[in-house]
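Form predicted on its own, single chain, as structure tokens, below.
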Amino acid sequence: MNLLGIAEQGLILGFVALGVFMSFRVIDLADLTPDGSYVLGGAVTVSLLYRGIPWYYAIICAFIITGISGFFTAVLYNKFKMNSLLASILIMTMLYSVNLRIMDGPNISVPKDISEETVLYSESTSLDNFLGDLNISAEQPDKKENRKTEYVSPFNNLSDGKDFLLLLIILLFSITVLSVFLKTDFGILLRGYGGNKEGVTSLGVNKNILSITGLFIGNGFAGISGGIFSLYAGFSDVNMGQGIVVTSLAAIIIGEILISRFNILYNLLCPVVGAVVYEILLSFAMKYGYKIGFQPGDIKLLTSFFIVIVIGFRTLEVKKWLKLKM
């Protein structure tokens, strides 16, 4: 079990967990769109690579396009007065077909740019052609041409620390930008909207803009995660986002249990720390769980069961606290 590789996967999960944190915690809207926008991010990123777009520009485009999917969820929520959960399910369902269109199939692999590879070839002459016509073999000296295979993806999957460092830099940069944004006047309103929607509305602020912004950012981070995962894994698949919201919620809860009391950067570190710990726990469960009959297909069941238990305990603690106050 490669701990560094597990940590890298945890950092990738941290991006989408950060996006789900924006939806469920910051603006307090239940949003299942990331199940589809995560795949959309991967599909857009890989498709742009085939068009010669560098991976970092492809990731930025994935952020914008997947953010637009969150925008449509917000439009259904605001303009059509739909429940946010129903609106997100509808957009998520639509994105399944959209992703199939973009990838032109159920999956697509990351392209390789083969520009220089060492090859051997025989130099052809008119004498060779003449001997070839007579079915007579003749040996000719081989000639070398130096070429090198260059991969479009920035990840080498060698567990040498380079992938981990790159992921960590991108993630810390994203958290820093997001924390600075939440310190602005608009960011404060965004956090206030999650805490008291009617109170923010009474200040004369258009709550539609706040919900659109929150869902745009949340799904944008899901798209970044999907794009980076595709680059890291070497492919994008239409089913790779299934259950990603539940997994992200588990990561958020784990992170809140561990470090929420420190309230660092508006608890933006909770999803990241929780995602890494979740991946570590998952790897241990996959490695040693067979001794108690654990199967890979049980992981979704256990993750959901974990969330139910934690939320149940928190609800009981709140009720107990209210009784003591009364």
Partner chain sequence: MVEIKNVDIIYNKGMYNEKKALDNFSLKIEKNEFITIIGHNGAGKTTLFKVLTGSLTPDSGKYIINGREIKKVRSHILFKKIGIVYQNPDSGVFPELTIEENLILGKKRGMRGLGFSKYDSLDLLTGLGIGLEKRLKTKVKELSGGQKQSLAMIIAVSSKPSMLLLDEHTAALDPKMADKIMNLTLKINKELNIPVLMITHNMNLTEKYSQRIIEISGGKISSDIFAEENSSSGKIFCGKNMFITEVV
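What you see is a predicted model; the values in this text were computed from it and never measured. Positions refer to the first chain, counted from 1.
One more form of this protein, predicted in complex with its partner chain, exists but is not displayed; see below.
A.B. asks: Scan Met82, Val205, Met94, Leu100 and let me know which has any heavy atom within 4.5 Å of its partner chain in the predicted complex.
C.D. replies: For this set of options, the contacting one is Val205.
A.B. asks: By the heavy atom within 4.5 Å rule, which residue out of Val180, Ile188, Leu86, Leu172 makes contact with its partner chain in the predicted complex?
C.D. replies: Only one option qualifies, and that one is Ile188.
A.B. asks: If we define contact as a non-hydrogen atom of the residue within 4.5 angstroms of the partner, is Gly161 a contact of its partner chain in the predicted complex?
C.D. replies: Outside the cut-off, so no.
A.B. asks: At 4.5 Å between heavy atoms, is Thr201 in contact with its partner chain in the predicted complex?
C.D. replies: Heavy-atom contact with its partner chain at 4.5 Å: present for Thr201.
A.B. asks: Can Gln242 be called a contact residue for its partner chain in the predicted complex at 4.5 Å between heavy atoms?
C.D. replies: Judged by the heavy-atom cut-off of 4.5 Å, Gln242 is well away from its partner chain in the predicted complex.
A.B. asks: Pro106 near its partner chain in the predicted complex, any heavy atom under 4.5 Å?
C.D. replies: Outside the cut-off, so no.
A.B. asks: Pick from 246-254, 86-94, 191-199, 230-238: which stretch has non-hydrogen atoms within 4.5 Å of its partner chain in the predicted complex?
C.D. replies: In the other structure, the partner sits against 191-199.
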